[in-house]
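Just the one chain here, laid out as structure tokens, in the form predicted on its own.
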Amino acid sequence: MARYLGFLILLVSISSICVSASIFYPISDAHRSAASEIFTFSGASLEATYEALATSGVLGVVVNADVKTSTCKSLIDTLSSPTTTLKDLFFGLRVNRLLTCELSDADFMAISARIRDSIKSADSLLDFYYSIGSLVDIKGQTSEADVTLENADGIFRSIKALSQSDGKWRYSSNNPESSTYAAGIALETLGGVVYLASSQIDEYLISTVKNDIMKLFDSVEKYDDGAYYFDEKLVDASSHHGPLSASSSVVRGLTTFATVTSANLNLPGDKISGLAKFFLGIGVPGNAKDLYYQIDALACLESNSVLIPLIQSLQSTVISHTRNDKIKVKVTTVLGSAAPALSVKLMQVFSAGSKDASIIDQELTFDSENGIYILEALPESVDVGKYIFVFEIVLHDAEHKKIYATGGRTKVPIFVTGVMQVDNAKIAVLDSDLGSVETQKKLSFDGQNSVSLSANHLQKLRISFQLSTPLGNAFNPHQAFLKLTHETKVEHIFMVGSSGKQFTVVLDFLGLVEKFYYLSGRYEIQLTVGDAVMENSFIQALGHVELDLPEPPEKATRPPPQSVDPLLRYGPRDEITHIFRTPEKLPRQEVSLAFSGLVLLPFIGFLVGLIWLGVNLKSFPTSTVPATFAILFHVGIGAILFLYALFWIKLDLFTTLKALGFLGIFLMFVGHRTLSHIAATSAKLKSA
């Protein structure tokens, strides 16, 4: 076991190979911000808690102290419970490693004994994964618990039996479908078996796993930009893993197995660099699971014994020829750590869309203060436009070639911009028959132009200018057109043709009278020249021309109706001032009170009449059931009166009639029972 001592720090747990990279710089501030927003610890499962803690550790995000207090309290209860599942034990121990909760050696020994028993009955890849991973975590947290595997060869063979001929793994012997994600889990588990073995594993078994890894990498897929990734076919929608999770699992398993076994896998450096490009090319994932997979895989690539990928990044891919901008290249690891001693060379440059490349082989100057490589001057053949620059990293130390993956030659798109030179700009009115210049004026695109011309339908208008790049070469912009706008807002657009550096547009008004709808009058002239690499693109008003066109014939096409200004159609309307009716004159307060008294007078007379007649409650039923019906009868009468009041205030006729129908039926029933009881009582009194 002495040969494993060099990896002891890395192997505190299988996952510590990856998440111990918290000393490295985060790949970007955007990832740190995303981690702070996405990860939540309240009510999270142990798996989600571990992923949040591990990712935050790599990115350097500080976790609130309250999280440790609340998590440790529930974690200790979970790990101490005999009914806790293997999965919860696995993630619980990983959380404990990150938070260092107060677990005693006795607790670790009890957990270790339980897990060792579970290994004997394990029959699936996940059972082995959770069990072996838990023992590795325990070994990293205490030295008192016995976690060695006496039958390591047998366990290794049981896991290896689930492998397939294409390098993928099955989850169990009962499941014939293979999975790339399961291959990563299997490699990580086998690394744990080697780490916990009481004696050295058979080298033949190690070599067979190496062959499986090579076969697995034969199935890796590639994007056009050089990014490599692992994917798998959809077997079970509920447990399907996409390219991100599958690639992350393989990277973790590969780096774990290679570190523990000191295996020389001889994997192609371009594939290792391609995997790094895949994870970096994702950007910032939008959910916690994907962010964990991304950062976990990058942390594994940051520190591993296979190959550490080096990444080239440019501060800017837009270079100004006019400002003499310099191309600045920075080479780091995937998490932003400094690269070893190396050189960056510009090997080739070719124009986008062209296969002809210029061989450059120019070494960039290293700025040790800022840690960047600078291309002091662009190659002589590079003018404005879109180019592909091909860079290559050359390591100074030959031993570093066994440690770092440079990814070969890297193609980078570069946009070279500049200020175009505009010369010999002229506008002229020509005689249609002879082509002689009748009126000609010079134009300036640096300031304001207020050219005033006049022409008739027998003449022509010509505008010409020369356009060249900062190196004096001809330049053909994406946009070059002339626009004439009549005073009635009718517009006419004409393309400006070119021949080398010369741009010319000639308008023969005799052939354009129908297109101009025979509209005489003033036309504003505007010239537009623009391109993505042209820093001085412009929309220049040149002035106006007064056109004298013949009268239109009877069947001539009329100008199209002009679109209405949206502000006029949908803008604010004039304010409407409402004039309300003058309130009618109200009577005096004394008159209103007297009227209210007259309205209440009949009710007062009704009460007096009741008293005069001697109304009393002597006949009100006294027994329970008849008294209940009598009370309901009076309540029903009150409800009808209240319904009439609601009808007067807010209800409509149909709603009132509907409610009155139900109340009438109810009132008829309870009233009949009440009157029947009174009649029966009265009959008994008379017979007595």
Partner chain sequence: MGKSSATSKDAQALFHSLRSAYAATPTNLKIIDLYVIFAVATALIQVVYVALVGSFPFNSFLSGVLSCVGTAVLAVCLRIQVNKENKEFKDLPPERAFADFVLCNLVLHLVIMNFLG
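Think of the rigid core as the biggest set of C-alphas that the two forms share within 1.5 Å after superposition. Every value quoted in this text rests on a predicted model; they were computed, and no experiment measured them. Numbering follows the first chain given and starts at 1.
Just so it is clear, the following notes concern the form predicted together with its partner chain, a form of the same protein that is not shown.
In the predicted complex, none of the heavy atoms of Phe629 sits within 4.5 Å of a heavy atom of its partner chain.
Using a 4.5 angstroms threshold between heavy atoms, Tyr223 stays clear of its partner chain in the predicted complex. At a distance threshold of 4.5 angstroms between non-hydrogen atoms, Phe633 is in contact with its partner chain in the predicted complex. Remark: Phe41 does not count among the residues lining its partner chain in the predicted complex, judged by a heavy atom distance of 4.5 Å or less. You can rule out all but one of 58 to 66, 638 to 646, 30 to 38, 620 to 628: in the predicted complex, only 638 to 646 has residues with a heavy atom within 4.5 Å of its partner chain. Listed residues Gly511, Gly472, Pro602, Gly371 were compared with its partner chain in the predicted complex; Pro602 is the one with a heavy atom within 4.5 Å.
A heavy atom within 4.5 Å of its partner chain in the predicted complex is found for exactly one of Ala377, Ile493, Val394, Val591: Val591. Looking at 603 to 618, the residues that come within 4.5 Å of its partner chain in the predicted complex, counting any heavy atom, are Phe603, Phe606, Gly609, Leu610, Leu613, Val615.
For Pro176, the Cα coordinates differ by under 2 angstroms between this form and the one not shown after the core has been superposed. With the core held fixed between this form and the one not shown, Glu380 has its Cα displaced by under 2 Å.
Once both forms are overlaid on the rigid core, the distance between the two CA positions of Leu593 between this form and the one not shown is 2 angstroms or more.
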